[in-house]
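Take a look at this single chain, the form predicted alone, given in structure tokens.
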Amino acid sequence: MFDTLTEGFKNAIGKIRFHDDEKSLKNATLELKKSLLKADVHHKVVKDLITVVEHDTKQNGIGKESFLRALQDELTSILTVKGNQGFVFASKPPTVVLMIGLQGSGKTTTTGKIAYFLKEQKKKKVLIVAADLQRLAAVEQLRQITAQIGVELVADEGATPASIVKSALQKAEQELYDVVLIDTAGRLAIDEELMDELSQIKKIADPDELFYVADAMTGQDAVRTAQTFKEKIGITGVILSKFDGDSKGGVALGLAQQVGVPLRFIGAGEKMPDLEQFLPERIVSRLMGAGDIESLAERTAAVIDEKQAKRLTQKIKKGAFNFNDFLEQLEQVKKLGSMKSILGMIPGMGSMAKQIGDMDLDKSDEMKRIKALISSMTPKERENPDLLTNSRKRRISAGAGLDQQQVNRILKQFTNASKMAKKLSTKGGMKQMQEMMGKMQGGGFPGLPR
């Protein structure tokens, strides 16, 4: 998502060749300016950033490290706006959140993503309210989303948005919900009818947060509409949806400062887990090419059951890892979100994330072949891979619709994965992994303070 900006920063730092060389600093800031404008960062934000970076670099002695430090500090400053960061719960539950935005911005999907984030990562009891009765498919879309993620929905196409919100809040109080997410109607353009309806719902709901969902693909228009909603309704945070589809990514850099409210989340893919908290220090780390291991660790910890992980570790150590375990792990990995989103958090893997695109584990041909293969095995064969003789492989091959070569290749991959897992389950293996991750975290810019 930040590839264009990261590449621009690298090109800018490459212009500084010597210490105390003002000409090279000018070249670096010019390159930085071009990269930021090309990435659709607002011109005033670019001007202010360049001024501060140039001044601070000179003050600390011109050089690559001082330039990087100045850039890192100013980026953090730009992204840090007074207000809540990420998701903040009210002192007394339920935390009520009003989801607002234009039609087509991804508001309904984003509501589902926040509910999934709160349920899976924060372990909260969430209620979604379908208060968008303008778009015919909105309620049905929420029904499908809530069924998929296991969250309750309050919906009634025959009622008014105001009455639905009232009854939902009563239900939340009585049944001890932690969070209530209210999906409201949008329009293709801002009009008085939309604003009047939102004002009425806001008065009834008395929300703790008003999240404006902006389509990242609209660039600076997202900033202008967010400013209008802030003036007319009031917003406490902005969520950028479809950010993975924005090849420039610059709108995220100036939005918070321009609108005057924090950017709270970014939508990083189509799946429910593909929503990331916008925490300035972590985002700057990614912009600097150093990834975001903290966010990846949080997401991983949320989907992996600790008892299940210990049981699996014991099986791996004993060499008892089987095909049922393999399928179980694939299901866990799916909960992490798209491969593009995951790789983007790993230091030095941003370029691979760009190449891999939105690869969906469920839809990939290789995954379909693996599932077909395992589905063609008997329960005993799944439990004990050593039973797979050549005659059994031929039977499985026919049942899965695969040729013998494909079957052998998948089985070899499984064997190699089992060996690697067994190796990493030892203390020595874990030490090697930690050393490797340390090297990868050093894959950002040279001289970057970490």
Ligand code: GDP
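Small disclaimer: the values here were computed from a predicted structure and weren't measured. Numbers follow the displayed sequence, beginning with 1.
Although it is not shown, the form predicted in complex with the ligand is what the next lines describe.
Quiz item: Counting only non-hydrogen atoms, which stretch in 365-373, 158-166, 114-122, 235-243 is within 4.5 Å of the ligand in the model of the complex?
Solution: Stretch 235-243 is the one.
Self-check item: Any non-hydrogen atom of G267 within 4.5 angstroms of the ligand in the model of the complex
Solution: The answer is yes: G267 has a heavy atom within 4.5 Å of the ligand.
Quiz item: Would Q103 count as a contact of the ligand in the model of the complex, using a 4.5 angstroms cut-off between non-hydrogen atoms?
Solution: Flag for Q103 set to yes.
Quiz item: Hey, in the model of the complex, is R143 touching the ligand, heavy atoms inside 4.5 Å?
Solution: R143: no contact with the ligand in the model of the complex.
Quiz item: Even though the ligand is not shown here, does K171 get within 4.5 Å of it in the model of the complex, heavy atoms only?
Solution: Taking the distances in the model of the complex, the answer for K171 is no, it never comes within 4.5 Å of the ligand.
Self-check item: Selected contact from T95, Q72, T218, T109, since only one has a non-hydrogen atom within 4.5 angstroms of the ligand in the model of the complex
Solution: After the contact test, the surviving option is T109.
Quiz prompt | Stretch 372-390 - residues with a heavy atom within 4.5 Å of the ligand in the model of the complex | solution = Sequence-ordered list is empty.
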